[in-house]
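The chain below stands alone and is given in C-alpha cells; this is the form predicted on its own.
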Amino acid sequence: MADATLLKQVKDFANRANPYPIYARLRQNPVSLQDDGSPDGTWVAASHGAISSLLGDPRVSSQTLPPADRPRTGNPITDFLIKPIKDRITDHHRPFIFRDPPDHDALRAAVMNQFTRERVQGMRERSDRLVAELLDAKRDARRFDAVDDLAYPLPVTVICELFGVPREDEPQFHDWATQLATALEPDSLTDDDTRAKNSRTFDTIAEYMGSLIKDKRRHPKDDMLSGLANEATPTGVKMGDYDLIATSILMLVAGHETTVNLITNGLLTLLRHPDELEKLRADPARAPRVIEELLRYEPPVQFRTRTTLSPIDIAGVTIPEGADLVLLLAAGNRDANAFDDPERFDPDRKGTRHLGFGGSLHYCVGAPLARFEAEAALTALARRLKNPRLVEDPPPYRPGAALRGPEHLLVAIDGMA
C-alpha cells in the first residue's frame, strides 16, 4: 500500500526545494488514494502512463473550482443583491482551463484563431530585444537576480504587448498575477482568506479588462484582445464580454506565471550543470533541446487538479465518481518506464514525451510563447553572464507547490558581456 501522507508531503513547503524523492515514492503506486485532510481524500496519478491516460479521458473533468462566494462587505445592497449576481456570473463564465467541452472547445478555438503565426513570430523577435534591454540595464552589476531582473519583467511585457495592454499599466499585472496564480493550488480553494483575496483581485482586474475591451471595440488595433473583442472564428464563435474577460485574465496570468518558473528553473538547472551551460554558450542552436528537457526535468507546472464524472478503472484501482484527482505531471516526467535515466538532465535525449505543457484538450495554449521566451532568456544568459555562480543553493522558493519555482535566484557574476 502507498504511504497515504505523500501528497501532504508534496504540499509541505519544507519539501519545495526538492519534491522529486516524494514523487518517486508516489510512482511506486501509479494511482493511489491520499489523505490530504479532505473528507474522501484525493486520488493521485503519478506514473507517465496513468497521467497520459487520464489527461485524455472524457470521464475526467476540469471543472474543479468551488462555487464563487465573494466575502460579505456589511452593506446589505451589496451582500444580498450585487454579490449573488456577481457570483452567478463568475460560476457561468470560468476561464476555459476550468471548463469542459463543448464550452472549453469553443473558447479555446477563439483564442487559437487569434494566436496567428505572424503575431507569435513578432513576439519572438520582441523577446530577443527585451532580453537584451533587461541585461543591458545590469551591465555594471556584480550580482544578478534572475527573477526580478529578467524572469518576471520579460513575460509580463510580452503577454501585455500581445494583448494590447498599455505599457504604463503593465506593473499592475505583477501583483494581480501573483495573487490569482494561487487559485491553482488545491489548498487555496478551501482557505477563506485566500479565496477572499482572489475574489477582490479578480474583480479589480475584471473591471480593468472590461474597460479595456470597450476601448478595443471602439478603437481596435492589431493585438489579440482587439481580435477577440471584434472578430468571430471561421465557425462563427465570438466571445461575450464575461467569457472574454475571464479568458483575458487567464492568458495574462497563466502566460506570465508559468514562464517565470520556466526561465528561473532553467537557469538554476544550467548553473547546477555547468557543462550544459557551457555547451549552450558555445552553441545557441542547442536551445530548443535544452528547453524541452527543462520542461521534462523541472517543469513550471508540477501538477493539475481534476474531478471524475464516473468511476474509472486504472492501474489496478477504481477511482470513484466525484473524486478529487491530482495529475502529478512532474512525477510522470521522471518515470523510468517512459524515459531512460530519468533523473539525469540530458538535453540530447531522444524521443522526449514530457508532460510539461499538460496534454490532450488542455495542452497549453501559450506553449509557443513560453518556449521562445525561455530560449531568448537562457541563450542570452549563457552568453552574457561572466563566471556566474549561485549565491544560495537551494534558493528561496515561492509558496506554491503546483506552480513551483524560486522566489529569487541570486547569481554572483564577474560582469555582463
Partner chain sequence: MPADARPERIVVVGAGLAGLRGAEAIRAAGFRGSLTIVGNEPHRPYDRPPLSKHVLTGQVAADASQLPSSLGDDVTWRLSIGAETLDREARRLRLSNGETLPYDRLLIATGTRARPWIHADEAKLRNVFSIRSRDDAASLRATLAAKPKRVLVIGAGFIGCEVAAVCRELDLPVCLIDSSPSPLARALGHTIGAYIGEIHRGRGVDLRMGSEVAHLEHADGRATGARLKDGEVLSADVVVVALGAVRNTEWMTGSGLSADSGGVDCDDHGHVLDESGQPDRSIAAAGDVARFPHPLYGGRRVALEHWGHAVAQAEHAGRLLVGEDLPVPYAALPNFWSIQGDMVVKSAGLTDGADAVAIVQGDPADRRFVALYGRAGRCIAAVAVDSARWLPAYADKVASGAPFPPIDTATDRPLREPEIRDPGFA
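In this text, all values refer to a predicted model and were calculated from it rather than measured experimentally. Residue numbers count along the first chain shown, from 1.
Quick note: we don't show the form predicted in complex with the partner chain, though the next part is all about it.
Proximity to the partner chain in the model of the complex, taken as a non-hydrogen atom within 4.5 angstroms, holds for one residue of Asp79, Asp100, Asp169, Glu207, which is Asp100. Site annotation in the model of the complex: the residue of Val60, Val365, Leu33, Ala68 reaching within 4.5 Å of the partner chain with a heavy atom is Val60. At least one heavy atom of Ser360 is located within 4.5 Å of the partner chain in the model of the complex. In the model of the complex, the partner chain sits within 4.5 Å of a heavy atom of Glu321. Interface membership of Leu309, defined by any non-hydrogen atom within 4.5 Å of the partner chain in the model of the complex, is confirmed.
Of the heavy atoms in Asp105, some are within 4.5 Å of the partner chain in the model of the complex. Of the stretches 345-353, 60-68, 23-31, 371-379, only 60-68 has residues with a heavy atom within 4.5 Å of the partner chain in the model of the complex.
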